[in-house]
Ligand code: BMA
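Below sits a lone chain in structure tokens, taken as the form predicted on its own.
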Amino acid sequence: MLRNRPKFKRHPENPIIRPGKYPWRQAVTFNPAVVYEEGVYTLYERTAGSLTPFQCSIGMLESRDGVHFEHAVDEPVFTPDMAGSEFGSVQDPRVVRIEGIYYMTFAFRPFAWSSYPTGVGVPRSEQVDYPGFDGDPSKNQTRSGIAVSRDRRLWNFHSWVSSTEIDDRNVILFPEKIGGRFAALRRPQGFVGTDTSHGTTIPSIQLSYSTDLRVWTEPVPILHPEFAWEDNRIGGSTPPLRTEAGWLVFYHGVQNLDASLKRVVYRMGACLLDLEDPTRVLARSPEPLLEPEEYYECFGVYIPKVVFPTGAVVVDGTIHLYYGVCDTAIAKATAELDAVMNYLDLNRA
């Protein structure tokens, strides 16, 4: 089956976006959202000016060729303060346009941790003392929210998808309503502390619906870890792409390499969901379609061996995939849409 895998071609200028230039992105830039309209690629980067504390904001860049990006504004377009806490962290944006309005889903921690990379695995993290925060980790779970914009530049907080009691990340809106309702992929789980463990239940991809983006149906699991390269967890990566055969969804799988060192590897797979009922999985890749191979994907500031796609657009039949590398910088790869769809057709459920 390996010989049938579609080839994602890395751009020779990778990583195409790197940290620096502004104080608020001196440490890292990664895990971007991407929108393509009227010949312009708009990219929203997750950035941090420091790892201690690791307080993240969202910056905005634009490009005509999808490779050479310039900042559209010199300040973040979405900040923790806009989500409700000046001491927080807004993370991993995904952006879609539905009926003329842009929606950004984001993960939010009300009080940013401090992180200390080890060079071999998941960094060591610690709670930080903040005014008005008693340090109780149960009050500092990562929830997910939605911001809205009409011009792609000015963003306002809209609503929460998840409560404060659970850790809910990788919330990604479908780019159109399904059966008259908004639909979102989610990855809810129980308590997650600074050790980042998730208990005995391996996190999976789930689905919720809403009529108003405020009240959501109970998440329904649709995709569980099945393969060795997913044995730690899976979660949605990029917003679903509509094709004639179904919703094309790229997702990330995490594999444990050495639990004692918290050494893991992040890879990307793909699945196909039914257009009318996305709880139905039509096809799924049994092996990853993108995995850390290049130096910039294996070694970085924050965590080694990570490719983490969060943005994908199709232009003239080509998938343009944008992904974080080692939680340090942003890279790009391309593949033919037909090749990916033909591969999934060979792996139908």
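Don't overthink the numbering: it's just position in the shown sequence, from 1. It should be emphasised that the depicted structure is a prediction, and the values quoted were computed from it without experimental measurement.
What comes next is about the form predicted in complex with the ligand, which is not displayed.
Asks: Find the only residue in I319, I303, V35, A27 having a heavy atom within 4.5 Å of the ligand in the model of the complex.
Replies: Checking each option against the ligand in the model of the complex, the one that comes within 4.5 Å is I303.
Asks: In terms of non-hydrogen atoms within 4.5 angstroms, which of the given stretches 37-45, 280-288, 61-69, 295-303 touches the ligand in the model of the complex?
Replies: Partner-contacting stretch among the options: 295-303.
Asks: Look up in the model of the complex whether D92 has a non-hydrogen atom within 4.5 angstroms of the ligand, and give yes or no.
Replies: Heavy-atom contact with the ligand at 4.5 Å: present for D92.
Asks: How about R169 - does it come within 4.5 Å of the ligand in the model of the complex, if we only consider non-hydrogen atoms?
Replies: Residue-level check for R169: yes, a contact with the ligand.
Asks: Residue-level question: is Y266 within 4.5 Å of the ligand in the model of the complex, judged on heavy atoms?
Replies: Heavy-atom contact with the ligand at 4.5 Å: present for Y266.
Asks: Answer yes if any heavy atom of F308 is within 4.5 Å of a heavy atom of the ligand in the model of the complex; otherwise answer no.
Replies: Yes, contact at 4.5 Å.
Asks: Taking the ligand as it sits in the model of the complex, which residues of 317-349 have a non-hydrogen atom within 4.5 Å of it? Please list them.
Replies: Heavy-atom contacts to the ligand in the model of the complex: only D327.
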